[in-house]
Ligand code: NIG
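Take a look at this single chain, the form predicted on its own, given in structure tokens.
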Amino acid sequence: MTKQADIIVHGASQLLTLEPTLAHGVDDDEEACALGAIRDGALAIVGDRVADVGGSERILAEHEAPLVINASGRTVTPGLVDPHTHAVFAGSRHMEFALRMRGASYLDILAAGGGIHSTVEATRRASLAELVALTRPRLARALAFGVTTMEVKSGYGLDLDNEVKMLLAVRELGASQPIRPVPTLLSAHVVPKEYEDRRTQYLDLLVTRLIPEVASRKLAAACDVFLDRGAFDLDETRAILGAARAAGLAVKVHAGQFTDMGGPELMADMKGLSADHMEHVSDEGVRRMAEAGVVATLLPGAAFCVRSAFPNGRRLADAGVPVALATDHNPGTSPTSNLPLMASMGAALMGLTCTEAMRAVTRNAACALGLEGEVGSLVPGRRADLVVFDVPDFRLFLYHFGVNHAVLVVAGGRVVLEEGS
């Protein structure tokens, strides 16, 4: 007797479960085995969950569904996870790109009142409805590339009302479009201009008012701090994240984009989710992250845009650090929604293998958000988020860079994007 499902996807030349024990029919392909690939793979979806995965012959024999999708000649992967973005903002900083191309550094522009400060001014002027309207097409572009889960940070409000406004925009977007946004509080992005001579007062605002308010209203899942020159130092970061953890928020940090200030070690001490950027990191920081299982979320788009050296993904992976990749989608230093391109850059420019690059935008990216039990893999019980890519092999997805290969996206058990529809 067949089991009733809602959707069946079958015939995939490769179905990447991201669970190596489920690999089938690929014994001659070590990289595919490591991604839990199933040759001629299929899965059944019931509601918003994966109900079964396996070979097409078995899945079609044991399940029936009103919607049956033939993925013949194509690769099926978990919905992609973008674990670091700043997608809610107003204004544009394209003129800063021109300044950098003429030799100005990111820190020069920030010190002159541009950079984050420029976006803060525009974001404060925007209403909640305007922020939602501005962000919606950014998420739609990410969805078109196969992203079904995306971290979205605050950090362009830098006061109580405007930080809350940004997080309310994230909440509204979560209820009104297919991508699952994961909100992160980044009020410690920089010290806002009005507090430049009252730095300790801003820190007090964060610790005693803003973090407790956001946590009590469940507006964020985690708290992040920009630990670097021109932003916050190690002691300040420790105090802010300590308050966040006491309030029940997970913690993460921008670490080593321009200077190594001990962020990786701090995340190891605090059992943080991730240390992000990682262009500059000590051997000790790498060792401590590996021991603690802290994810390194690498942001090749930012390194590309600010003309810095790319993070050394090979060094991190060889040390046993889980590596994730993200777009860092933001208005000033990585204005892209193309997560597959970041995966290609991770392999071609940062030393990751093809298997590691795929894991970096699926399972490891989910780990960087604390959601590895929910998304980032296609195993029974996980959320039914998947992408059908019009390539027969996952390596072609990485090799043929800059092209959108996604032809169908399922999020939460619903087909939310289909080529030609």
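Note that the structure is a prediction, hence the values are computed from the model and not measured. The first residue of the shown sequence is 1; numbering continues from there.
One more form of this protein should be noted, the form predicted together with N-(iminomethyl)-L-glutamic acid (NIG), which is absent from this view; the next part is about it.
**Q** I'd like to know whether Glu163 contacts N-(iminomethyl)-L-glutamic acid (NIG) in the predicted bound form, with contact meaning heavy atoms within 4.5 angstroms.
**A** No, Glu163 sits far enough from N-(iminomethyl)-L-glutamic acid (NIG) in the predicted bound form that none of its heavy atoms falls within 4.5 Å.
**Q** Considering non-hydrogen atoms and a 4.5 Å limit, does N-(iminomethyl)-L-glutamic acid (NIG) approach Arg93 in the predicted bound form?
**A** Output for Arg93 is yes: heavy atoms within 4.5 Å of N-(iminomethyl)-L-glutamic acid (NIG).
**Q** Since only the chain is shown here, I'm wondering whether His84 would be in contact with N-(iminomethyl)-L-glutamic acid (NIG) in the predicted bound form (any heavy atom pair within 4.5 Å).
**A** Taking the distances in the predicted bound form, the answer for His84 is yes, it comes within 4.5 Å of N-(iminomethyl)-L-glutamic acid (NIG).
**Q** I'd like to know if Ile116 sits close to N-(iminomethyl)-L-glutamic acid (NIG) in the predicted bound form, meaning any non-hydrogen atom pair within 4.5 angstroms.
**A** Because a heavy atom of Ile116 falls inside 4.5 Å of N-(iminomethyl)-L-glutamic acid (NIG) in the predicted bound form, the answer is yes.
**Q** With the distance limit set at 4.5 angstroms and only heavy atoms considered, check whether Ser187, Phe232 and Lys252 all reach N-(iminomethyl)-L-glutamic acid (NIG) in the predicted bound form.
**A** So, no: the whole triplet misses N-(iminomethyl)-L-glutamic acid (NIG).
**Q** Among 85-93, 290-298, 236-244, 346-354, mark the stretch whose residues have heavy atoms within 4.5 Å of N-(iminomethyl)-L-glutamic acid (NIG) in the predicted bound form.
**A** The contacting stretch is 85-93.
**Q** Among Thr333, Thr75, Thr149, Thr123, which has any heavy atom within 4.5 Å of N-(iminomethyl)-L-glutamic acid (NIG) in the predicted bound form?
**A** Flagged contact: Thr333.
**Q** Name the residue from Phe310, Phe145, Phe226, Tyr202 that puts a heavy atom within 4.5 Å of N-(iminomethyl)-L-glutamic acid (NIG) in the predicted bound form.
**A** The residue in contact is Phe226.
**Q** For 155-170: residues with a non-hydrogen atom within 4.5 angstroms of N-(iminomethyl)-L-glutamic acid (NIG) in the predicted bound form?
**A** Sequence-ordered list has one entry, Tyr156.
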